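Okay, here we've got a single chain as C-alpha cells, the form predicted on its own, with questions on binding and movement later.
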C-alpha cells in the first residue's frame, strides 16, 4: 500500500515541476524567478541523535562536530551539534539513506518542518523575522544558532553567505508550518520573496545529486 505523506505547508501557487518521492509530492520548481525564495524541505529525512557519548557515533559514516553550534555538511548530509549530548541530522541531497538502527536515533521527519530562505536579500528577509544576528562576521558557515523565528523556537543553520546566494535553513515543530510560511512570505513580499522548489537551491545542483 502506498503511503501518502503531506507537508503541513501549502503555498498559494502550484509548482510547475513535481516529483513523487517516498510518498511525498516534492516541488522542484515554481517557474523561473531570480529569488529570493522560501523553500519547503519538510519532506527531507531528519533524525535526532541523543547519547551521553556522542563522539562514538558516526552517523552515515560522518564525524559529529565537536562543539555546540558547529555543523558539518558532506555527501548531502548536514549534522548540527546542539549540545553535549544531542545533535540533529538533516539529509538534504541524494537518495534517502537506510535509517540508523541504534535506539539513540529518532526519526523526526514528519514531526518537524524544514524551510530554507535562499537567494539575494535572504539575510534581509531573515532580519524581519528574527533577532538572531545571522550577518555577524563572527559566524562561520555552516553553523547552528538556536533561537526564535517569529517567536517560534527554531534550529537555524546559516548554511552559506555569499552575496548572491545566501542560504538559511531552519527547523521547527510541524504545527506552526502554515502560519510560519504565510508570515515569512508576507514579511518578504516587497523584497521579491516567493515560493521556490528544490531546484532553486544552488548547493543541490552543485552536488549533482538527484533526490
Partner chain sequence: MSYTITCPICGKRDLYEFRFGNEERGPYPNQKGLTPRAYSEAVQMHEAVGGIQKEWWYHRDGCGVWFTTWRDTLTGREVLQPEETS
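All values derive from a computational prediction rather than experimental measurement. Numbering follows the first chain given and starts at 1.
One more form of this protein exists, namely the form predicted together with its partner chain; it is left out here, but the text below deals with it.
In summary, among the residues 65, 45, 31, 148, the only one with a non-hydrogen atom within 4.5 Å of its partner chain in the model of the complex is 148.
With the partner omitted from this view, the residue of 131, 74, 136, 140 that lies near its partner chain in the model of the complex is 131 [heavy atom within 4.5 Å].
Contact annotation: residue 103 falls outside 4.5 Å of its partner chain in the model of the complex, judged by heavy atom distances. The shortest heavy atom separation between residue 123 and its partner chain in the model of the complex exceeds 4.5 Å. Within 4.5 Å of some heavy atom of its partner chain in the model of the complex lies at least one heavy atom of residue 153. Under a 4.5 angstroms non-hydrogen atom cutoff, its partner chain in the model of the complex has residue 82 among its neighbouring residues. Heavy atoms within 4.5 Å of its partner chain in the model of the complex map, among the stretches 173-181, 56-64, 140-148, 34-42, onto 140-148 alone.
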